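Next up: a single chain in structure tokens, the form predicted on its own.
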């Protein structure tokens, strides 16, 4: 039996505070550009089946109960009590919470800590930080000065920066930092055309943000692979970051490749080649459900064991934190347990690696106690 006594969720979001109907719940369960196939629901996915397997017992129901019965029980308990039961039953002891999703009524790190009876820390999304600064800056000069100050201030309280440059533009960005004139020109064009609330997608300013984060010394999380509905995933293959990875080598900043799927082997390869690169093993498992052990084994094929971190990647639904944690534990136990049974690994080594991937690597990278 492979045990993982605690989990550090190195990347997630908060949970929704509001009551959810079937349509709203499904929209959070599987974000798509349209409705499910006729006669089906978005529960008819690997993620949906995993929710029905792992979450009902935490709310006093039998595993695999129908979606209607599950959601009725959820409404009976109310969002606060249901969320607390789910988070406290996940086995996650520390959450690193990306607070960069404006518009959603999501809990922050302090609420997550209280509801889950766990530790929680903030990761700061660079693009949202720049957008907030732009909303209150009247000139290019004030924008750039205020942005530098905002990054510095965030670095004093956050445990990491995170970037969605791959979502906004793609990961095939020029690897070197842009020059001051280039940054001023891009900022001027963006501010002149921008309306309040517009998202930052300018490639020069995205590079400027990445290099500002590198200069801070905090770990930098980079989104790769599957993401928002409609995303061109060919633009988010982590291999496209190779130039940037090389350019940041030796500067003292760790890069963490988030999600990755279906390019998780590419991310694992980069983690195996570059000392400052780490790979996320979590969100891919939530998407693949009953096939999670296969995906995790593929990451373990290439990435050194000290370079793999767990996350749920959860957003909105506490069920996704539960599913992320339970699928990870189950997949890790299956993969490592099979290698022990075959005689390829000792039980002691398997247990040590499980502890590293579940929590110890994240504690080291993010400086957690």
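It should be emphasised that the depicted structure is a prediction, and the values quoted were computed from it without experimental measurement. The term rigid core refers to the most C-alpha atoms you can superpose between the two forms while keeping them within 1.5 Å. Residue numbers count along the first chain shown, from 1.
Below, we turn to the form predicted together with another copy of the chain, even though it does not appear here.
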Specify the contacting stretch among 236 to 244, 84 to 92, 131 to 139, 208 to 216, defined as having any heavy atom within 4.5 Å of another copy of the chain in the model of the complex. 236 to 244
Would you please decide whether residue 46 lies within 4.5 angstroms of another copy of the chain in the model of the complex, comparing each non-hydrogen atom pair? yes
Residue 261, heavy atom within 4.5 angstroms of another copy of the chain in the model of the complex: yes
Any non-hydrogen atom of residue 188 within 4.5 angstroms of another copy of the chain in the model of the complex: no
Partner contact for residue 329 in the model of the complex: another copy of the chain, 4.5 angstroms, heavy atom: no
When you measure heavy atoms, are 179, 321 and 363 every one within 4.5 angstroms of another copy of the chain in the model of the complex? no
For a quick check, can you give me the residues of 341 to 369 that have a heavy atom within 4.5 Å of another copy of the chain in the model of the complex? 342, 343, 344, 345, 346, 349, 352, 353, 356, 364
Rigid core superposed: residue 343 CA moves 2 Å or more between this form and the one not shown: no
Core-aligned, is the CA shift for residue 66 between this form and the one not shown 2 angstroms or more? no
